[in-house]
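Below, in structure tokens: the form predicted alone, a single chain.
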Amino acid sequence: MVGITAFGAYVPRLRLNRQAVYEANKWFAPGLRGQAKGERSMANWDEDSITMAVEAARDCLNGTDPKSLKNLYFASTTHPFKDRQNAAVIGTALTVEQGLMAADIGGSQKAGTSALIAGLNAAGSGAATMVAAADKRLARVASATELQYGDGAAALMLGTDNVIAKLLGTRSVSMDFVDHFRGDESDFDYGWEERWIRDEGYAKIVPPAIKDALQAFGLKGADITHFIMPSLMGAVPKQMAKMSGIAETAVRDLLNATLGDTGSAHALVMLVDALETAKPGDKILVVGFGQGVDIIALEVTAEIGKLSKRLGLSGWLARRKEEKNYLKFLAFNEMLPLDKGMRAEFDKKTALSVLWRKRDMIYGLVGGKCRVCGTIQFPRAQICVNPNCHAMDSQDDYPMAGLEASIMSFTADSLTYSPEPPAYYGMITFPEGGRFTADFTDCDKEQVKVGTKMRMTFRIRDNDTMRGGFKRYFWKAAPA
């Protein structure tokens, strides 16, 4: 039996108030008023699809040894790198490299479901497989998609043991129906007319594919408990369900009011949302649309009751801060040419040789533990820092990304350049041992105090725009 063995998700803390977006743009686009309700997730300036996927993967692993992974598929239409394997960065951040087959999947809004199908096929041999999907899409100012899009990620563990949702079958149809596209030299999607997309695309492609799939799986529409189909047109999933003989009550909420559409990740995000409340025997049908259709049928098993507690989608959604500053949203997405000043002008060139040699420390936050005296330190060094030991070459790898730290000292720096001033940083210390100076993120003034508990989160350190947009990643501390 192959299927899903665990799930995880990630939603950025900031939630952009849609009314604030409308108020800023109503002089030009008064027609946006009807969509100025609720909020959408908004990635911080130091987040992208890689960092969000890492957080979702960590939530999914939740104590499972990442080195057990054999396959890692990363789906996105906003991969930070065009020619550098993004999935490999995620694998390194999870401290797994040896024996890992990593692959990027993109090019369509159904990339998430396509990655899931590929992952299920790979997991059929018994190899522990993870599928992660994340998107951080840009939209033109004063456009409807600016309000509709959201940033987020989901991750699923796949295998043959302790399966919480077993696979009943998959089906794919590929055809070049262009509802929207984003060219290589464009930052924004170009969408076609909605009625044509609905009537010629969804209505003529999706229902026949669903009916054929259900017949192949030995199911009827009435058997489906949860129907998952992302769409920017809210009425479409209900229409597709009705045309396919699936009850309207089975259609899952699109999460528009609190999250927005997370692009190629959204089908998996909605799947995580369904799994959080699903019961044994529930049948789930996942549909991904984009230049064809992916259909995945799953049945929830009794193992779901044994799954360890995790934040999941609901936990991350509850961890929120409302953002009404629309200009901050534009600035974080490099759509507002701020005067950054001379303090922002420093050489960010990364020595790739050092990055390679220290990748476990930089991307994995791996410190050292002395075999002689048990002292833990970060960074790992040739000599133990314990003054009563000073043993040479005695340190074993000690992963620290999952440990809770606390603030020992801090600074709020308004002089150094920061996309969100002031820049908070300080000395953090781990109860088990080890300390270092870290940047703080996702924090407010009242949260930064000596003794505050902090968690480690994988983030963008900076972006070298002068040399082709090489992003440097490292771990930052955020309030736990």
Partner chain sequence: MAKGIKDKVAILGMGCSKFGERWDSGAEELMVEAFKECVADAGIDMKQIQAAWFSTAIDEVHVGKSGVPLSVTLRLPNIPVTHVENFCASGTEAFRGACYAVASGAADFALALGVEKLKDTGYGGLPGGRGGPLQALWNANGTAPGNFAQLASAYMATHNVKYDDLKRAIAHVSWKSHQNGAKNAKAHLQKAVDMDTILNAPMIAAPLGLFDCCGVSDGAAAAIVTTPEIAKSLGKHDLISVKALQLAVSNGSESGHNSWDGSYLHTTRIASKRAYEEAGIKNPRDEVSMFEVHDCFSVTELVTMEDLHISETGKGWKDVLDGFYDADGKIPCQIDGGLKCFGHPIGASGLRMLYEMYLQLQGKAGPRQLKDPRIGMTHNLGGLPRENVSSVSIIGRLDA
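Computed from a predicted model, the values in this text were never measured in an experiment. Numbering follows the first chain given and starts at 1.
In what follows, reference is made to the form predicted in complex with its partner chain, a form of this protein that is not presented.
In the predicted bound form, its partner chain stays beyond 4.5 Å of every heavy atom belonging to Ala127. Contact annotation for Ala438: at least one heavy atom lies within 4.5 Å of its partner chain in the predicted bound form. The shortest heavy atom separation between Asn386 and its partner chain in the predicted bound form is within 4.5 Å.
The closest heavy atom approach of Ser308 to its partner chain in the predicted bound form falls outside 4.5 Å.
Residues with any non-hydrogen atom within 4.5 angstroms of its partner chain in the predicted bound form fall in just one of 168 to 176, 287 to 295, 360 to 368, 134 to 142: 360 to 368.
Contact annotation: of the candidates Gly107, Pro379, Gly191, Pro208, the single residue with a non-hydrogen atom within 4.5 angstroms of its partner chain in the predicted bound form is Pro379.
Checked against its partner chain in the predicted bound form, the residues Ser68, Asn62, Gln35, Thr416 give one hit for a heavy atom within 4.5 Å, which is Thr416. Taking the partner from elsewhere, every residue among Arg343, Leu355 and Gly434 has a non-hydrogen atom within 4.5 angstroms of its partner chain in the predicted bound form.
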